[in-house]
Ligand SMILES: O=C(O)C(=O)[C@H](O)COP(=O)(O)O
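Quick heads-up: it's one chain on its own, the form predicted alone, in structure tokens.
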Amino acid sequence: MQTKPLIIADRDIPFLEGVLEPYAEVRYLKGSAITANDVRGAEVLITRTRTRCDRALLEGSRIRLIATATIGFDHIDTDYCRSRGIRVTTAAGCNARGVLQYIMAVLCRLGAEPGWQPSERTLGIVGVGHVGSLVEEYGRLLGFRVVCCDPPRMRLTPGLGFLTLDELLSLSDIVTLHVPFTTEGPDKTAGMASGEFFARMRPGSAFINCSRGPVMQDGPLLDALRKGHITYAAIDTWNHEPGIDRELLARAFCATPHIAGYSVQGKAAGTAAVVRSVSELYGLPLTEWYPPQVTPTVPDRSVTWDGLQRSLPRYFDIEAETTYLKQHPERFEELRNNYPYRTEYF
């Protein structure tokens, strides 16, 4: 009798338990605690960002596939995996609408001041991929002046109206980052939000980061906030998680524990992506699987600024979540792992 393949999975991936068990032996472990010994006999590793997938973890294992239920993959040494013939798949785009609604919550909180209107603000979007393109679309729908910067896309398709980064920073009242984390090449994003970056932003502007923590430099951001050059910082992704900078946390206008994309539908799509990857590897009848307990989002492009301000706090009280994290920074990882997923509604 043929034995079932062994799959190691992060225990905090929702909706996964019981789905693959008819076809494989699945062991659920804490992502940050998965060891080389755990994966040695496994063929598949299903991860989130807390598992560092590199030579130290994978050498001598039988891993054929690493499927991450996240859009990012900087926790995976892709060069090493390529050299070993290990396939790597991501859940690109799975949480885009959840992050969109996070950005809208930040904008609504910024706009709580009487008389604050989107038509009087320029929203600068750096990185116009799955998330950034949605932020651009809804920003325009809500009446913001929207400017975008995406050097790789600008080179690939000239004429789309993208600005240089310097141009965007000089024009924008609000700058939001939606870039991948890269450490080399002409479009390196590691540390891109530097002292020079913040100095070129407009005085009194707002900075939002829910892409990756290491794309921003804490010291220069703190300096800009202390001096009042940057008035508002909304941060979801931090350097040195979960041991984040306490002064930066205290000064942040919005502060959350890396949960911008934590919607029910986003998590469902991420889990569906890893199930599809495993199904393709083994030829399982699960390539179209989606968690039956989750209702997919139906995009609504009829939203208005006034309507959003009234409705969004019922789905996501970002002010209350900010207050709680500031009071309990030591619970960062616990809050992230036990977060009550939000419902996407537009």
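From 1 onward, residues are counted along the sequence shown. Everything quoted here is computed from the prediction, not taken from an experiment.
There is another form of this protein, the form predicted in complex with this ligand, and it is not shown here; the text below is about that form.
Stretch from 114-122, 258-266, 221-229, 198-206 whose residues place a heavy atom within 4.5 Å of this ligand in the model of the complex: It is the stretch 258-266.
Interface residue in the model of the complex among Arg109, Arg276, Arg251, Arg212, criterion: non-hydrogen atom within 4.5 angstroms of this ligand: By the 4.5 Å heavy-atom cutoff, the listed residue in contact is Arg212.
Contact residue in the model of the complex, from Thr176, Asn95, Gln101, Ser172 (heavy atom within 4.5 Å of this ligand): Here the answer is residue option Asn95.
Contact label in the model of the complex: Thr49 to this ligand, heavy atom within 4.5 Å: Thr49: contacts this ligand in the model of the complex.
4.5 Å heavy atom contact, Val146 and this ligand in the model of the complex: No - in the model of the complex, heavy atoms of Val146 and this ligand never come within 4.5 Å of each other.
Proximity of Gly191 to this ligand in the model of the complex, heavy atoms at 4.5 Å: Gly191: no, not in contact with this ligand in the model of the complex.
This ligand contact at Ile244 in the model of the complex, heavy atom, 4.5 Å: Answer no; every heavy atom of Ile244 is more than 4.5 Å from this ligand in the model of the complex.
Interface residues of 54-90 toward this ligand, as seen in the model of the complex [heavy atoms, 4.5 Å]: Contacting residues: Thr70, Ile71, Gly72.
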